[in-house]
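Presented as structure tokens, the chain that follows is alone, the form predicted alone.
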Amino acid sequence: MIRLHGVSKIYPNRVAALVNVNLNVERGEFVFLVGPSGAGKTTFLRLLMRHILPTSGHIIVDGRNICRLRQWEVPYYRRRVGMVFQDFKLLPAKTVYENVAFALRVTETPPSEIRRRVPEVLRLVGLQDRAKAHPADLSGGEQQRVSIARAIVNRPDILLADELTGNLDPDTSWGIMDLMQEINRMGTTIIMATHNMSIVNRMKKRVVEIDCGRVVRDEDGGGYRGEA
């Protein structure tokens, strides 16, 4: 489903964030992306979101080189790729319902479809009773669930997560990971960058380790090594 061939990213300050990365991710996989801060994990995710372009190499998603997408095609591609951030990035003046609905409105989804899909996804993340609440009224775990709901309401094929549990306590983190596993079981491909050693070690998913911009380990059923 996702193929990276010789992908490098060198920023204008000459920092090499990724160096000659070759990686395949199959449909429906759950992949942990690990490595020290500054290793290149966030750059990897930003490339898949098509927020930035590689300096060299090709990124193929479902047989298409996303580096060659025309500008007008990029928003359509991003509808297939959800993104969840460590700091939630919710709109504080909008309710839970409105935050999730916003992701559909920007894609010009018909109002009738919005009214159907938002309650569905809020039930999936366990927030059906918090639809009228604002972000300030929610716990950190609830806010993260809203951000996940917003990321999946367009039914993406791929869900990317950057330090998903970084601001959450351990018990809340495991609740979020249970939700991510449920989303994965529904067929969504998940790539999650994390420093959470206990989660990686316990879940035994595929682990891709990046260090100094290079893939130094790719292991099925792996654990957390390296800086840990």
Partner chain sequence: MRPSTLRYYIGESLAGIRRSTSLMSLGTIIASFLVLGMLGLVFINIYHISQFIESRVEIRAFLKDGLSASDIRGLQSRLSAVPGVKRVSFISRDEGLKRLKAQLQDKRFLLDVMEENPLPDAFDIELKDPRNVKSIAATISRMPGVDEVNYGQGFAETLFTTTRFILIVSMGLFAIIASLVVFIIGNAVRLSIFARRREIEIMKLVGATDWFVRWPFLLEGIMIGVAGAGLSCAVLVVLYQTCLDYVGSGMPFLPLVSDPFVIAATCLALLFAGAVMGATASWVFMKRHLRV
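Just so it is clear, the structure is predicted and the values come from calculations on it, not from any experiment. Residue numbers count along the first chain shown, from 1.
The discussion below concerns the form predicted in complex with its partner chain, not included here.
- In short, of 47 to 55, 30 to 38, 173 to 181, 191 to 199 it is 47 to 55 that has heavy atoms within 4.5 Å of its partner chain in the predicted bound form.
- Although the partner is absent here, residue 107 sits close enough that one of its heavy atoms falls within 4.5 Å of its partner chain in the predicted bound form.
- Contact check for residue 95: every heavy atom lies farther than 4.5 Å from its partner chain in the predicted bound form.
- Using a 4.5 Å cutoff between non-hydrogen atoms, residue 136 does not count as a contact of its partner chain in the predicted bound form.
- In the predicted bound form, its partner chain sits within 4.5 Å of a heavy atom of residue 103.
- Checking 132, 89, 123, 116 against its partner chain in the predicted bound form, a heavy atom within 4.5 Å turns up for just one residue: 89.
- Residues from 1 to 37 do not approach its partner chain in the predicted bound form: none has a non-hydrogen atom within 4.5 Å of it.
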